[in-house]
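Only one chain is given next, in structure tokens, and it is the form predicted on its own.
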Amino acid sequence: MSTIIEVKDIRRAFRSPKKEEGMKGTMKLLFKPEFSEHEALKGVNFKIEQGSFVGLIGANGAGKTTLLKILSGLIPPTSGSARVLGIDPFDRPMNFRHQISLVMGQKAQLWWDLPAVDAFDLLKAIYEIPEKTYRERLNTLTELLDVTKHLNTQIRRLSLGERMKMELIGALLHWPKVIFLDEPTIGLDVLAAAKLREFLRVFNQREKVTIILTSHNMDDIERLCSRVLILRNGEMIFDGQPSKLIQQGACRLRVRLKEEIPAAKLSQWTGLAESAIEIAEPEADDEGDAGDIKTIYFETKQEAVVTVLQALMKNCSIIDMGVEEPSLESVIQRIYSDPKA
């Protein structure tokens, strides 16, 4: 397969004025401003092949949205180079714009006061889509997303899930070769998110489009992406298959204790890093009441489970325990919180 996206040593810095308190600070800002600089991306490199479905993840402020804006041509890099479909994105020639799409889950891009079908008719004119092709694509997309009955409803009167589906249709009508999705399932309920994921999976496989997806929902990443890029403080710290994030032989020890013990003490007893210990809040019962006993998860190796349990039994009383595979979400949380992970 051919390389469709290539990023070489991309860096992006933002300058912002510093303001001190009071009138003195305001006057200084007007006549002698001082600036601070924040480097959002620090020498990022990667290549993406045609038809790939890639997850781009990282904590808030890691640089994900900045990278997508550079790749879609909204902002230029401070240094380095990016090529999408063989084109410098910030040049934004018409043939480039007709081959990409950017969907931001936190920003509406359709006209809220128009019925969805009118908004799509406008996009048809903007992208100069032939009538027959337009009707075929619209029918295909509305059937896949099950929103045909909502086409004549104003966008603002739709539920969040239905609005997100309409945003996707609007972004795909011109049949782009590259799609950038910035948290498309944010705020959606479980059913709506599952339907949206299934649509993206089918569309990627059927049309062989290249998709880069950012999401804090690890279900999105696990179910859709064959490759994951992880950013931390603007640096690329992982590039590979999601399964490779979970180390071979790793497991998750689940324990419930009679006593309430802080993570620092548990770390001291077991020899595990605090970042490998998660104390979950008690779950509510059928009547809505939460108990006092919390579940504690220890990320460790299978061969170390007995040693960890022995250390716990020396110091406290175990009510029950179990061993399970570590979730991708728990692994990612540890990477976010532990600079050495």
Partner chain sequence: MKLGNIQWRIAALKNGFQDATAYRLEFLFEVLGAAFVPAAIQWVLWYALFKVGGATQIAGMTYEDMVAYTLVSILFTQVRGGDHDFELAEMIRGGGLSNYLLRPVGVVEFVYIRGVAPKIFIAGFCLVLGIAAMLLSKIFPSVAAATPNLTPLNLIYGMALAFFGNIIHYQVGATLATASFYWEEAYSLMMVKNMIVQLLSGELIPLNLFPESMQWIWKSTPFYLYVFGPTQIALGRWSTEEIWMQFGIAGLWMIGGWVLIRASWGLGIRRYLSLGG
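Predicted model, so just to flag it, every value in this text is computed and none were measured. Positions refer to the first chain, counted from 1.
Absent from the display: the form predicted in complex with its partner chain. The rest refers to it.
Peer 1: Although the partner isn't part of this model, could you tell me whether T65 comes within 4.5 Å of its partner chain in the predicted complex, counting any heavy atom of the residue?
Peer 2: Heavy-atom contact with its partner chain at 4.5 Å: present for T65.
Peer 1: Does V147 make contact with its partner chain in the predicted complex, using a 4.5 Å heavy atom cut-off?
Peer 2: V147: no, not in contact with its partner chain in the predicted complex.
Peer 1: Would you classify W111 as touching its partner chain in the predicted complex, given a 4.5 Å non-hydrogen atom cut-off?
Peer 2: So W111 counts as contacting its partner chain.
Peer 1: Classify T270 as contacting or not contacting its partner chain in the predicted complex by the rule of any non-hydrogen atom within 4.5 angstroms, answering yes or no.
Peer 2: Flag for T270 set to no.
Peer 1: Going by heavy atom distances of 4.5 angstroms or less, which of R201, K244, R135, R92 would be at the interface with its partner chain in the predicted complex?
Peer 2: Only one listed residue qualifies here, and that residue is R92.
Peer 1: Could you work out which of L122, I237, A264, L160 is the residue within 4.5 angstroms of its partner chain in the predicted complex, going by heavy atoms?
Peer 2: Comparing distances to its partner chain in the predicted complex, the residue within 4.5 Å is L122.
Peer 1: Do heavy atoms from each of F14, S72 and I100 fall within 4.5 Å of its partner chain in the predicted complex?
Peer 2: The answer is yes: all three residues contact the partner (heavy atom, 4.5 Å cut-off).
Peer 1: I need the one stretch from 122 to 130, 226 to 234, 205 to 213, 256 to 264 whose residues put non-hydrogen atoms within 4.5 angstroms of its partner chain in the predicted complex.
Peer 2: One stretch meets the cut-off, namely 122 to 130.
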